[in-house]
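Only one chain comes next, encoded as structure tokens, the form predicted alone.
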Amino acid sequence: MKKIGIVLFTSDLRLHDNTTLARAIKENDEVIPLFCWDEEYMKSEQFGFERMGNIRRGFLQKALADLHQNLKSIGGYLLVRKGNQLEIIEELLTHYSVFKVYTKKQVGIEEKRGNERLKKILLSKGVDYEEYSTSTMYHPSDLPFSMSSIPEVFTKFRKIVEKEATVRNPLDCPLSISCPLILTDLQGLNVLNNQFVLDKRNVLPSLGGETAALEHLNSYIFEQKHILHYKETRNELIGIDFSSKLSHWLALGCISPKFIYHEVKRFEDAVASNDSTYWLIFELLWRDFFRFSFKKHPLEYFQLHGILGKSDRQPTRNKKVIDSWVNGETPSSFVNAAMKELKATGWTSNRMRQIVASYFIYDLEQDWRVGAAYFESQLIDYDVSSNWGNWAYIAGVGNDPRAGRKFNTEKQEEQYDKERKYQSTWL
């Protein structure tokens, strides 16, 4: 009897440096690469906003289509099924003698609970289950402290990790995969023929998946050498190349942070090393920090008082005020420009994210979790730990030792959009 494994893809939509996929191929005669398209969950609401808006869904479809093509190139396919992952996998178990289900570890509390339910059902049916860490630059087991002992402040975390830990080498892409004969549902989802396009003013380089991600990384670092100026330009507001524009691919796991790290190191060895090359790795380390912190505080980042458990502020939830922020109709034209960019493209710069979050929390005096939920719905690069961790940070209930970041909106406008080019683009 053939040994069959199921790889449950979630936010690890790539072939390269994918431990989950590599282990499944190694341990089984045949592998079913599976993605569950749960429309009901995507459209469910929190604080009045859909979990996953149209732009996020459109990008996800394109990333899935690319993953399907890449799997086809090594002899396989991607099976996309509509519905709840528990029900879909249970149905597959009735047709195939499955040895093990492989998937990535999650940090969001709802996603973790979903994995726990899946594990319980599989083990009750005699099917093995295993999770792997695929989303961070540093592997959790290589950290010089346990998850429960992670420093609460990034600077302390960074100094210890940089001194005492190393980044593993990324895994190569598998050369081949053997999959059982099965009718894929990709055409039913219209993934391969997806025509979703962004507003022409968007600053993202591509909406493709792994293939586009690897091409852009090579262009940004080696061909155009924009990385040499990253630290100086990263707070700009208009254009493609002022920042790396890797976040949307990182969010869906179309590119590995370990691979990015080693490509930067390869560039430093071959071309040049400066503050900017280091700063790109520095930002990846911030991403790791939030992800590991979520393992330490799985519930607190979603609560009003965050990881501190207390706050002096008593925010309100005024629908009229919230709607004015969402629709870019606040008294601040600078904030409005960013909110219109976000709604039209699913993206706005890191600088503008901080400014509009601060404005929502401190100027409009609204519940920071409502803003975080809207970002979750809209951001094409939504990542649960980075999004909720950053909102809690600015609200003063997260990992900020200064207990909050209130930005002077007028001063920020004077510094970053003095000639109003950004505002004229989006208003």
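From 1 onward, residues are counted along the sequence shown. Bear in mind that the values here come from a model prediction, so they are computed numbers and not experimental data.
One more form of this protein should be noted, the form predicted in complex with a small molecule, which is absent from this view; the next part is about it.
Listed residues T330, T345, S247, Q85 were compared with the small molecule in the predicted bound form; S247 is the one with a heavy atom within 4.5 Å.
This chain appears without its partner; in the predicted bound form, the one residue of N169, N350, Q303, N318 with a heavy atom within 4.5 Å of the small molecule is N350. For the three residues I4, E90 and K120, a heavy atom within 4.5 Å of the small molecule turns up in the predicted bound form in no case.
Stretch-level contact analysis of 121 to 129, 75 to 83, 282 to 290, 91 to 99 against the small molecule in the predicted bound form, using heavy atoms and a 4.5 Å limit, identifies 282 to 290. Mapping the unseen interface onto this chain, F375 counts among the residues with a heavy atom inside 4.5 Å of the small molecule in the predicted bound form. For S386, a non-hydrogen atom is located within 4.5 Å of the small molecule in the predicted bound form, even though that partner is not displayed.
In the predicted bound form, at least one heavy atom of I394 sits within 4.5 Å of the small molecule.
Taking the partner from elsewhere, F334 is found to have every heavy atom lying beyond 4.5 Å of the small molecule in the predicted bound form.
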